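The chain below stands alone and is given as structure tokens, in the form predicted on its own.
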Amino acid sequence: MAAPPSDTQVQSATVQSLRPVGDDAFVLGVTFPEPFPALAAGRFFMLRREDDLSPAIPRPFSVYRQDENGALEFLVKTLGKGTQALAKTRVGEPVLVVGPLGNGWPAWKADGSAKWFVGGGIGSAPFYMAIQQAVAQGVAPELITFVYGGRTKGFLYDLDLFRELGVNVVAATDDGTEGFHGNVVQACESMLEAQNGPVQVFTCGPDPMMKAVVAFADKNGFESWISLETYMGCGVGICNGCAVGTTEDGPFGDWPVAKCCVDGPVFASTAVHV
């Protein structure tokens, strides 16, 4: 049975910054008494305020960015009570943090294959560090494309920050207010004609979007991986609240479910049902 990672800790962090982004999100920056070493992109933490304003159960957030001093940033979309409470934190206040948790993206290989990172809305969160790390591990920037979709421009959070990474960035909006007029799958389809050679696809976002991206990848013979945004209760594999069905012929064998928090949140698309 999978267990929490050996480097997981429960501790109090200090809010360093809170920066609004887009129409309904913010970036929360926190520091720790002892900074974490470099973390793999795609891992996550559970966060909550340390007062009664937050619900008792913390909320999961992918690591968005990590600076050279070990401070971490989390991209947070303001939705329910948990995220609304975090939005009211102020610089210098404490937050309860559990992590790092989960497994990140597979090792980046400079094998000549194109890497397409396909995100939707808040699903961009695990990709900033992923792109940084892929380039640092030898993947040529010209082989990396970040396809970022949202209903409208205001849901493409920190788009300019991604553009500063020096890779190809394709914005896609349903209403045409930014970049490609259409969804991310349509944007990917428009890129096929110019693509020569193998492609690996990595996706995170709403389940219907990821399902469509995986279907696109399968149709074109591309390998693909998904980072699930499944609701979690504990984050450490105890509550079984984030169970996801596994495929019959996948790496989990006869085991019918995987726990997103300890077995994921990143999975090969052949391993679980989106």
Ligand SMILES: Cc1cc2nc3c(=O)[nH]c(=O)nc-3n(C[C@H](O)[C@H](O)[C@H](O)COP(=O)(O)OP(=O)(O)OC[C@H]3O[C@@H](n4cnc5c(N)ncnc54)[C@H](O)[C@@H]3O)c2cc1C
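Only a predicted model underlies this, so the values are computations on that prediction, with no experimental measurement involved. The first residue of the sequence shown is number 1, and the count goes up from there.
The following text describes the form predicted in complex with the ligand, which does not appear among the structures shown.
- Only one of Leu228, Leu39, Val214, Leu28 comes within 4.5 Å of the ligand in the model of the complex through a heavy atom, and that residue is Leu228.
- Shown alone, this chain has one stretch from 76-84, 162-170, 142-150, 185-193 that lies within 4.5 Å of the ligand in the model of the complex by heavy atoms: 76-84.
- Although the partner is absent here, Val118 lies well away from the ligand in the model of the complex, with no heavy atom inside 4.5 Å.
- The closest heavy atom approach of Val201 to the ligand in the model of the complex falls outside 4.5 Å.
- Among residues of the shown chain, Arg48 is not one whose heavy atoms approach the ligand to within 4.5 Å in the model of the complex.
- Shown alone here, Ile131 lies farther than 4.5 Å from the ligand in the model of the complex, counting heavy atoms only.
- Residues are counted as partner-facing when one of their heavy atoms sits within 4.5 Å of the ligand in the model of the complex; in 163-201 not one qualifies.
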